[in-house]
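Let's start with one chain on its own, the form predicted alone, as structure tokens.
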């Protein structure tokens, strides 16, 4: 390996790491606010790529029917819950949030099926139809068991991942897809060719990380999420509703998953079950950050991407083994250095 090859591998690794940064931040965001290890997170990113590919091929993506079903089910559950609690005045707002808003992009895609839409409109509709999936899953699956243990929530997440993998096979079939490149140029930096797609991926990771920084530090909702992540009981006593905070966390994470799916679709062939491996590698970065620190998570995810790039060159069949092997020393290090404390009861 010479310096030229090392530079090319490093650039590819940074591009992959930037994708892992976005997904890993989503992992940390959901876990910090809800205590849920959202295993299907990678599946949502893969569904984004597959949905975009379906629109490019003028097919009706199965995610449209999935969103419609989830929207109706979540609406019925929310209305029943409001009716039981006597808060029937909130039903119109529930109809708007859980039914009308998710169905608008689904209806637009359904009506324009078979038409090759302009690229910006395809991207917008893809993001718009993917956004409601995580909040709707939260309402249907996680909200009824919000006070369960972390282990039970993890088991439910694993079951949900397998359900979504099956749906992915049903919706998109076993064939892999790759979408058109969003940018089509290559530039030379320090004698090394760098593709525009790699620059776009890295720029997007920095941009959305900066937006999250602004959101958490300079907005009321961001500070509410931060307070909920630190102490749910204290946040509730201060008037912050954990249920609303959870919904916002899932919605923000959906944005990150959708952006990740769009960015990775032109550079990797995505299958219906690709989301699990993508999510698992991002989870390694989140573990390096202790599932609490966004900056360390970003650094850890970038390290995972670079390590994967060099491991693929040295031994492609074992690249995943090498990446996941770094979990062992990280977990041992955290086990010996962190202060152990019993999980406190929040109620």
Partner chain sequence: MRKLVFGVSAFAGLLLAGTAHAQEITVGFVTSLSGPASSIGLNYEKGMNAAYAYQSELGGVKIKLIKLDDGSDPSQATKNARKLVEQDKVDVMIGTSSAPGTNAMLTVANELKVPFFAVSPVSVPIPADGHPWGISMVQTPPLMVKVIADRMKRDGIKTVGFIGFSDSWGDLVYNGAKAAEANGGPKVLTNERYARTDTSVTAQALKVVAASPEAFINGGSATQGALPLLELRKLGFKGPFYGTPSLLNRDFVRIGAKAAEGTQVSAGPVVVTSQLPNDHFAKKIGTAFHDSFKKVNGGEADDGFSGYAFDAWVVFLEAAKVAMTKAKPGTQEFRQAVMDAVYANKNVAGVHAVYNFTPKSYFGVDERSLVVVKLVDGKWVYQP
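Residue numbers count along the first chain shown, from 1. Model, not experiment: these values are computed from the prediction.
Keep in mind the form predicted together with its partner chain is missing from the figure; the text below concerns it.
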When its partner chain is placed as it is in the model of the complex, which of 237-245, 67-75, 262-270, 206-214 ends up with heavy atoms within 4.5 Å of it? 262-270
For residue 293, is any heavy atom within 4.5 Å of its partner chain in the model of the complex, or not? no
Within 4.5 Å, heavy atoms only: does residue 32 come near its partner chain in the model of the complex? no
Classify residue 254 as contacting or not contacting its partner chain in the model of the complex by the rule of any non-hydrogen atom within 4.5 angstroms, answering yes or no. no
My question is simply whether residue 274 lines the interface with its partner chain in the model of the complex - judged by any non-hydrogen atom within 4.5 Å. yes
Since exactly one of 44, 298, 278, 288 fits, which has a heavy atom within 4.5 Å of its partner chain in the model of the complex? 278
Which of the residues spanning 44-61 lie within 4.5 Å of its partner chain in the model of the complex, based on heavy atoms? 57
